[in-house]
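Each of two forms of one protein chain follows alone as structure tokens, named structure 1 and structure 2.
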Structure 1
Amino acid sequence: MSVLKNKATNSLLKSEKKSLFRFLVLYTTMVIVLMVLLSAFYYQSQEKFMLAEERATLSKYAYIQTKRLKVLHHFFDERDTYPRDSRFRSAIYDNEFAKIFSLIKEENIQFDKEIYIADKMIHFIETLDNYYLGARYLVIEVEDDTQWRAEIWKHIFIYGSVAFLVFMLFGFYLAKLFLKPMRDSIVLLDRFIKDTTHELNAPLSAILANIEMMDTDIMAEKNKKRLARINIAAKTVSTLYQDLTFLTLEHERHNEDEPVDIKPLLEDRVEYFNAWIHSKRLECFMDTEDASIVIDKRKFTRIVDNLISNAIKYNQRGGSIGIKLRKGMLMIWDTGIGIEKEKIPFMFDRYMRFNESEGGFGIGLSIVKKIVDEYHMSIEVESEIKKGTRIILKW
């Protein structure tokens, strides 16, 4: 029991893994979007802070340059050289934004802003009250020291990485917390299956043994029908018992791979389910050729039993089932209720059932898929509502 419990606790079921994966994908996407928005806000705020600091310096440069323009304006006849400064470059524009004179490198001026960054340059625009030299706007340009930008990206990377790690750890904890009830239910269900399987063995073996020993020749016809129904019910429970045993004891048993002759095995399993087939008035078509596969015979029997029993269980009364065997291919089809196309990818999930009117734990097809994957076989499902299902196994 402890082995099963530890196994169930330490390994998440496929459905739980999917739920955890989907939650983490959605949560991670939301975290990334949030981090990007916060990073953009931080970058813009730091840029504004840098420009605010530069504004004081550039305003002083503009004041100095304005004084020089005033002197040049009044003494233009004696001086005709535009004032220059090693600390900055400048340009003057008239009231119509037409250039009068320019020393700046980036001449695509944004007159609607006071200070801004343009192609690695910082521009400061001063509106002149007096039209010295006919100028209305004075533009001061300095080189953009990109070191501030490198510092910002450094902070974003460091703090962002730490925040992302904290968010992801919290998200993973949150996901595990939300999934804990599901995990506990699965562990409880697995424990129940193990206990149920153990209790089924003795009475089921006794029922099947006594059915085989009964002399039907001396029975009344109505008693024969009752015995047949008992036989069908017992074999149905027996199939379920075999599945439960496979689930609970699989980890304790090593594979015994051998060449399995499939044709006689199919005939034997059809004969095993023959009473059930007749009780639903089904017509069984068999088109089999000699074929073999190297596999654990017990596991291949589980595949065949589950596919045949599903074809019978979910079939309509008076319908048909068919078995087609070729080298490297086994196909089992029915004329039953069918499965919606969008549900086909989930039909192999454990405990998944699409028809509540039929019994079972929903574990048969999950066992089939597990064995198919283990032996690197492929399984294809074709189904249509109210027309039937076709399952094709290839190896």
Structure 2
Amino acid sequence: MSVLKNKATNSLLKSEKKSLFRFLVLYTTMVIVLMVLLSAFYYQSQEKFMLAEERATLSKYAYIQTKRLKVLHHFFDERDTYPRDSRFRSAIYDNEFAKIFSLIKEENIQFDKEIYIADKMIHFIETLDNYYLGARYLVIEVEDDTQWRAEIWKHIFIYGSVAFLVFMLFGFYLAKLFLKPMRDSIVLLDRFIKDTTHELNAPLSAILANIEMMDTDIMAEKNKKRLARINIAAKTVSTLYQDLTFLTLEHERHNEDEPVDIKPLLEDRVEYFNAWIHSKRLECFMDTEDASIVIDKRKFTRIVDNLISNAIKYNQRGGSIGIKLRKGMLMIWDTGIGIEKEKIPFMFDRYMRFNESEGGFGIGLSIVKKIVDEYHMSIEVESEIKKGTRIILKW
């Protein structure tokens, strides 16, 4: 059981991946937005805090400067040197915001604020009760030592990354939680299939063997047809059986890689499906050259069987299927119902079926994909709705 579970859960299905991806993107964006908001809030409150501290010093400077202006005002007929101080720069503006005198760099004073930071300098604005030298506003300017800023950024960075990590861990936990029901049903289905397939083998072999042994010469035409139908049906079940055992038992087996001559194998498999092809009145185009591949023969047969049986299954009556074999390339095409472009990425997912009218477990292509990946082959799908599908295999 644990082995089975491992096998089922170690790789995510495409559709799972997609919903997981969507969830994570949404979640991450939300986390980031939240973090940015929190950081901005933190930054602002720290700035306010810093300014409140700074304000005490600046208003002391403003007081001193006001006294000096007062003196200068009274002795203006004798003196005209604006009082300077090495600790700060200052400027005076009249009540019409006209600059009377200024030592500061900032030109656009924000008179509606009491204290603010601009151009890495802190500005403090004192409103004078007496218009010394005609001044209504005294602006005090000091360099903003960026130390506190660096400190805030450091905090934001450290706490931010910790919080982000925690949030993301929580997110992964959530994602796992919400994938679990999906996961569970897949595991359950896998186990069910494993149990049932075991019981299918013997009866199926008996049916197929007996059909082969039947003497068709002495049979009425009507019965011959019926037998052919039984044959097709049994082979369909057999293919399914092969797929299911592959899926559930394959990992207990070792690969027996050998050079495989593909041409005779293809001919053999077409022959195997011949009755089915005939019954659907399909025309079969074979265009094969000699080609070989080093692979476990059983696995390659699974690929070929699944691709051919899909080409038959999803074809319309009187359509055609084709097989083209070149060195390093196998193409199987049909004139069937086709598949929508958006669905192509998901067609190799297990238990994914696009056409409810056709039966099946939707495992065939997932097996194909698994083998293709295992042997580092590439598979391409070109399809057009109601026109048909081509599947191209390269190695």
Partner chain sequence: MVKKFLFATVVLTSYTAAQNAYERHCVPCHASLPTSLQGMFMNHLLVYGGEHNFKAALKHYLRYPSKDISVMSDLFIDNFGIKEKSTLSDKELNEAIDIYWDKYKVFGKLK
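What you see is a predicted model; the values in this text were computed from it and never measured. Note that the rigid core is defined as the largest set of C-alphas that superpose within 1.5 Å between two forms. Structure 1's sequence is the ruler for residue numbers, which start at 1.
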Item to check | Which of the two shown is the form predicted in complex with the partner chain | outcome: 2
Checklist entry - With the core lined up, does the C-alpha of residue 99 move 2 Å or more between structures 1 and 2? => result yes
Next on the checklist: So that I can tell if residue 322 moves, could you say whether its C-alpha shifts by at least 2 Å between structures 1 and 2 after the core superposition?
Outcome noted: no
Checklist entry - When you overlay the rigid core, is the Cα of residue 227 off by 2 Å or more between structures 1 and 2? => result no
Next on the checklist: Can you give me the Cα shift for residue 80 between structures 1 and 2? Core-superposed, in angstrom, one decimal please.
Outcome noted: 3.4
